[in-house]
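Okay, so we've got the same protein chain twice, two forms, each given alone as structure tokens, structure 1 and structure 2.
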Structure 1
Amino acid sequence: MLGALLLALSLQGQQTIIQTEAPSIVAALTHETVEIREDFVGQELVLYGATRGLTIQDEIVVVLRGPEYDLRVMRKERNFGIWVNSDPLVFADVPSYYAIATSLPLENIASDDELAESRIGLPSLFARQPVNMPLTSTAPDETPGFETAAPPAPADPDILPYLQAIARAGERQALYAEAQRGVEVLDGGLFRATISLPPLTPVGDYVADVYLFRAGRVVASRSAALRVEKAGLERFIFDFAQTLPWLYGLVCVMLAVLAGYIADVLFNRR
């Protein structure tokens, strides 16, 4: 990776050639693997890169996406004085982590449609349709249930509260973050972006996508891989819970009973 960056930097000196060559990007993360141990409190990642054919009108956007999963969201309603969950929706391919850094505010880089096409920006996270949603009406020969075909668009007012709830939860846990002007463009076509991983960083495979925008359109892109995994005691407990869930549950119950017994003995002595 570092060799590719040095090669790209050397090409910046060929000024007469740069103006006729197609723009391109090379990029690399300072860490290819992040280990989460029992004392993990977050970590900062630095992405370095170089561009070929960069002009003064070009802008750079860096997006780090975590593993995607289907997210089930329900609305809380109060019935007869009791709060219950109702009207579930399942959204497909929601990233467990999403951070973005830009050289300029997104609205100054490209249109909403262009950004949504590459799933750039927090509003584009939920650009895909829900997997299913409750039926509002059924034909006489149909059974009430969940509809999987032609759900309403995310802009539908009925879906908007769900999207807002997902965004609030992600921002509250620092899993969704957006840093306007978080990309620093250096001399010679080099650039740098800093992205923070929170303490609750999900494990899995991440992808850092780097986009070069020109006149509101993507003209070059490059991806870099990142692996977040548990290590040490955290890894042992995680593997134990995944491979032997019944035994893990039994051990947790026994530890809870033992802790309660010890607490009872200590308080009775006092």
Structure 2
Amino acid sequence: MLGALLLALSLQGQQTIIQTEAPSIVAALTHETVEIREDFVGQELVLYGATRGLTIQDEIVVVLRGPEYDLRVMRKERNFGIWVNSDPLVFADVPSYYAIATSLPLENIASDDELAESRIGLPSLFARQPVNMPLTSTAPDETPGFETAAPPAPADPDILPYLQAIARAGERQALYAEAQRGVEVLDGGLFRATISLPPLTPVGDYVADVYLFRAGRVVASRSAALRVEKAGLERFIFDFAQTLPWLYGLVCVMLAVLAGYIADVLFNRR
């Protein structure tokens, strides 16, 4: 009798697990575009989301990635007493902005390998080979400081300090940020993440990825797009300088001469 009851209970328990909906996640940003105007000093973004089938052991990770660009990293070396940039390495397609918000410290959510697979976290950003590109049109072996040998493997210990330097530079400018517990889980499977864009926020297309982790594995994910662009006067000046650079230069000179003339009129009348 007792045995049958226990069996029934355990069966029922199994059934509830089976009945649970497949986990899913949705998210939206408060802004679809961020405009950089003359008073831009950075901006707070809020990402709202909802999950279905959120259980107590589930965790949420939000990643916002900025447009990618190529970085050149050089090591300073003392030469004849002064510090000279040497041994340049070029890293292609590094995100210019990278912020993570999580509901638990990242190392408690999943293993490094699992995170690297989804390309989450600063270490995984750089799990790729640096490329040595000849930066001038001349033959690469004539360019001093550029090795012509095959690029080193990613695990190369020589590369590690370079990667750490990229991470340090990004963190100094608040372009790389990790907010442990930056994701607030609310009632009913809702959550909210706050991400701040610093004053040096690069312009371009951003992607916000939201991951639902269960037992150290990604069980659902979703993306939302964000665009950061210059607007108003900032955009006008920037576009002018880019599209008609020579005319822009002439206008700069004329404005400067005008300012000098006004100064002369104002101060040298007597």
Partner chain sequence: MPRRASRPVQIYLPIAEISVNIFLLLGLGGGIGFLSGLFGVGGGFLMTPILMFIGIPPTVAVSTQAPQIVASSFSGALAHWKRKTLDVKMGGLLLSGGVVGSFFGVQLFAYLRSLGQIDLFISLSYVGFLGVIGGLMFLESVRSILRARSGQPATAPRRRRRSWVEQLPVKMRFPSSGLYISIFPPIAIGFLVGVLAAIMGVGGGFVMVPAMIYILRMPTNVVVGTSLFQILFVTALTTVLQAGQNQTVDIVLAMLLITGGVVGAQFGARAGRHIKAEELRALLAFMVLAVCFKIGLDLVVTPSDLFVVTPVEPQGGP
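Residue indices: 1-based, along structure 1. What you see is a predicted model, and the numbers here were worked out from it, not measured in a lab. Take the two forms, superpose them, and find the largest set of C-alpha atoms that agree within 1.5 Å; that set is the rigid core.
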Which block is the form predicted alone? Structure 1
My question is whether L244 is one of the residues whose C-alpha shifts by 2 Å or more between structure 1 and structure 2, given a fit on the rigid core. yes
In Å, how large is the C-alpha displacement of L258 between structure 1 and structure 2 after the rigid core is aligned? 7.9
